[in-house]
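Here you get one chain, nothing else, as structure tokens; it is the form predicted alone.
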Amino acid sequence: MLYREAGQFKTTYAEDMAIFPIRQDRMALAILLGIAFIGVPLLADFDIWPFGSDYLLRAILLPFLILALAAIGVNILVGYCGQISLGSGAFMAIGAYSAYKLGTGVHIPLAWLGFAISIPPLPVLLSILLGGLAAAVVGILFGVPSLRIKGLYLAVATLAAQFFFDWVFLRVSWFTNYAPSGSVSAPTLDFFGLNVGTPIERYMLCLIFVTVFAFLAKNLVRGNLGRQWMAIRDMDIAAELIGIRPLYAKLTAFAVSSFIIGVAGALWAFVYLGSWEPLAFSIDRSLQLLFMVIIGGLGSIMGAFVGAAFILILPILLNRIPSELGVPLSTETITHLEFIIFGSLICYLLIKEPHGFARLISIGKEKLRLWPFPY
């Protein structure tokens, strides 16, 4: 078979500990990255996509990449460290508004001291990364309760963060530069003198961010810190008995997770939306990210991508299939059918395979490795 390890000998420790120790996996990843970085831009120029190149890039690929990045951050906290969080939308909003303030200039009036603090507009790339850093700081603060509570109680604590920041960004007009409508527009996407404006340029920008952060996250969870997270997830008391500090492990998980989610929130606001309001990062966004992680696979970087594809693409297909088949259905009926089919598929998947699509893919790979004697 094509997926067979026979003849692939590992002679060094580095080869044995590689991210993709099997040659076929490395080839598949290289092909996938080649299609993403080279194939998609070439085909977009020829405009041969089924729904049109702009539609595919703007409505499918851009949100898929950004939500997959956010799902990676959620998976680090929920899947690898076992800390349930319902405040992911709030951390996306913190990343977005922090990047917006830093990208447009920060002015903090201190009338009681007789002066003001002013920071000139920062470059977009630095603003996005600092927006993620601001989300990490807030994530650490809201991760402190995880030292004493866990499970549903921790979920409620993170849900409080969601409601609190929804109120802050809606009522405190300083974050929106005192815009009367509460809606703000992202600054010009200028990266090292290159103006990123076309859909394909925005797609390439998001693809670079997602690729870099996915590799960093994959290496991180395979290292010492990742093993501490998984030990805390499996049994925190036993992990503490063998020398793992819950304070360090849990707060680093909140920090890394919130940083990645904050960067994803800045990209969602700057690259995908362009202009937004606080409702763009409501509780619905937090639940959507959590569903992506659960469906894709807890404790799996690949599961974040699979879950994002499932959550994002399936409703689009359910919306378009009846019209393509010539079935006369009203928009209201299609919407109801979408919710029914979507919810039924999620329930069926969670019953048949609670570990998500990532587990199904792993089982398929194991069967191929043992063929013709699959278990």
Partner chain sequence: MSGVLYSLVALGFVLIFKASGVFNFAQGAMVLLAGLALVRSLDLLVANGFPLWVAIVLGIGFAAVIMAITAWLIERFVIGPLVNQDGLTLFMSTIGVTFILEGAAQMIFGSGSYPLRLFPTDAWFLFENLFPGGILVNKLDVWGGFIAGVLVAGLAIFFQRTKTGRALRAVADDHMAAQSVGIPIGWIWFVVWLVAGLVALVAATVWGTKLGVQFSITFLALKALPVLIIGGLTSVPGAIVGGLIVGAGEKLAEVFLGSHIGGGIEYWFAYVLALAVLLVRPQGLFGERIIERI
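From a predicted model like this one, the values you see are computed outputs, not experimental measurements. Residue numbers count along the first chain shown, from 1.
Omitted here: the form predicted in complex with its partner chain. The next part is about that form.
The contact residue chosen from L32, L42, L350, I316 relative to its partner chain in the predicted complex is L350, the criterion being a non-hydrogen atom within 4.5 angstroms. Between its partner chain and the residues I119, A238, V137, L194, the one pair within 4.5 Å by heavy atoms in the predicted complex involves A238.
Segments offered: 128-136, 68-76, 156-164, 221-229. Contacting its partner chain in the predicted complex at heavy atom distances within 4.5 Å is 156-164. Among residues of the shown chain, R148 is one whose heavy atoms approach its partner chain to within 4.5 Å in the predicted complex. At the 4.5 Å threshold, heavy atoms of L86 reach its partner chain in the predicted complex. Within this chain, I346 lines the site of its partner chain in the predicted complex, having a heavy atom no more than 4.5 Å away. For the chain shown alone, H336 is a contact residue for its partner chain in the predicted complex, at least one non-hydrogen atom being within 4.5 angstroms. For the candidate spot formed by F64, Y97 and E324, no residue has a non-hydrogen atom within 4.5 angstroms of its partner chain in the predicted complex. Annotation for 278-297: interface residues with its partner chain in the predicted complex are I283, L287, L290, F291, I294 [heavy atom within 4.5 Å].
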